[in-house]
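Take a look at this one chain, the form predicted alone, written out in structure tokens.
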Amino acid sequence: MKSFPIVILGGGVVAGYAAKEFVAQSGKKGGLAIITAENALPYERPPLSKGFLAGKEGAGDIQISDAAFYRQHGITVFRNLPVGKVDFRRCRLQSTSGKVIGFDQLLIATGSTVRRLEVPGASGSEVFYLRQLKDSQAIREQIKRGRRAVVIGAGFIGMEVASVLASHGVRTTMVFPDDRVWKRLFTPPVSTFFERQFAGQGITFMKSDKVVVLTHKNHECQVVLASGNQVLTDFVVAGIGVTPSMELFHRTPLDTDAGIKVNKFLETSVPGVWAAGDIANYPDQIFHRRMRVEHWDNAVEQGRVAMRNMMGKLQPFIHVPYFFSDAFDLSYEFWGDATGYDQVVYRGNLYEKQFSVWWLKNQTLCAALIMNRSEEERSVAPRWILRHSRLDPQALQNTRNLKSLDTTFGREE
């Protein structure tokens, strides 16, 4: 049995950036191992629905670090090694093939698993999901052959995939149960803006509807909806959300509740075992409630902090949630958490693709979305969220100089 001082279970974004942090903190050769079920070194996930899916980037372009990095620093990467059992008492991982790897400390970074359609015909070969590199590669190949697509879902993945498909000349229909796109995040005016942009690129919306059956014949798929409408297509991409990959941990000493519960240092209820990324249910130090965030930036920062903590440089995880998205020529960034907001302020012009949206709760900024606005807006948004800045809504909407509203400059972090 091989054993390592630190083992990372999972080969995604957390693993890639935790490994870089291990090196930055002068970790010793032979002190770290990564175990992944995929046949790939840790890679960036955002390009899977952006540049890689569009054919603008190759597999090597999206690696977080190349093979030479791991060799040079003595980091062992076990690829194609799915783990079937975790023994926390004996500090061992057992693969489905029987291989056993020991650890002194373990970082759980198993991420999320896509939710799958549970309707007749959902297992057909024309139905695709997007989570791993191989998924994006399969959809890329399908884009070359299919001229019609149905995208199920209108959230982060659904919108990005639909934009790539339409940009490649695929006639795309989006089907989703809500009455507007990304209802969970966008305000009604923002949903209207994106729907207008997408429709202008030839995308058809079938709102307030859901798939009830898929039929397959001659490499075509008939998508039958609850409304009775039917859409004939060459392939389907389902982007209906993810769930944390918890299968290994249900009957273990870990505290599992909507993910793996960790403390503010990202350590689990089992000493020496940590969790980061999509799977970590952590006590957010800014919003003062438990959160589980499924975005790249969260995985990057939690991977870094968890590794520093495992190496004895203890610090709490304090970070403003953040993500970015690209669809056609639209690029925007989002900071914070709009849960419980009671007021929204808009700046700029939604018709000119230059606007920002500011969510307030009791006049305290809790979230912001920014598209093609000044660097000043980008810099103050996360700062104000971190500092719980109170803002006058009318002044926020009308002032040109945002820094004139900021009472936090000059204060220590």
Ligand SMILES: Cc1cc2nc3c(=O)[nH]c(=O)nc-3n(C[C@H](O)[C@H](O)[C@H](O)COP(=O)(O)OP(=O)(O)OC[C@H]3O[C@@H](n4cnc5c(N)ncnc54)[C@H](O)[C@@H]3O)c2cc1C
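Note that residue numbering begins at 1 and tracks the sequence as displayed. Since this is a predicted model, take the numbers as computed values, not measurements.
The form predicted together with this ligand exists for this protein as well; it is not shown, and the discussion that follows is about that form.
Colleague: Taking 110, 130 and 276 as a possible spot, do all three reach this ligand in the predicted complex with a heavy atom inside 4.5 Å?
Modeller: The answer is yes; 110, 130 and 276 each reach this ligand.
Colleague: Any idea which of 171 to 179, 252 to 260, 319 to 327, 222 to 230 reaches within 4.5 Å of this ligand in the predicted complex, heavy atoms considered?
Modeller: Correct option: 319 to 327.
Colleague: With the cut-off set at 4.5 Å between non-hydrogen atoms, does residue 294 touch this ligand in the predicted complex?
Modeller: Heavy-atom contact with this ligand at 4.5 Å: present for residue 294.
Colleague: Is residue 238 close enough to this ligand in the predicted complex to count, meaning some heavy atom within 4.5 Å?
Modeller: Contact check for residue 238: no, nothing within 4.5 Å of this ligand in the predicted complex.
Colleague: Does this ligand come within 4.5 Å of any heavy atom of residue 357 in the predicted complex?
Modeller: Result no; residue 357 lies far from this ligand in the predicted complex.
Colleague: So, in the predicted complex, is residue 18 in contact with this ligand at a 4.5 angstroms heavy atom limit?
Modeller: Heavy-atom contact with this ligand at 4.5 Å: absent for residue 18.
Colleague: If the cut-off is 4.5 angstroms on heavy atoms, which of these, 211, 165, 266, 157, is the one near this ligand in the predicted complex?
Modeller: The option sitting close enough to the partner is 157.
Colleague: Considering only 19 to 39, what residues come within 4.5 Å of this ligand in the predicted complex, judged by heavy atoms?
Modeller: Going through 19 to 39 in order - heavy atoms within 4.5 Å of this ligand in the predicted complex - the hits are 35, 36, 37, 38.
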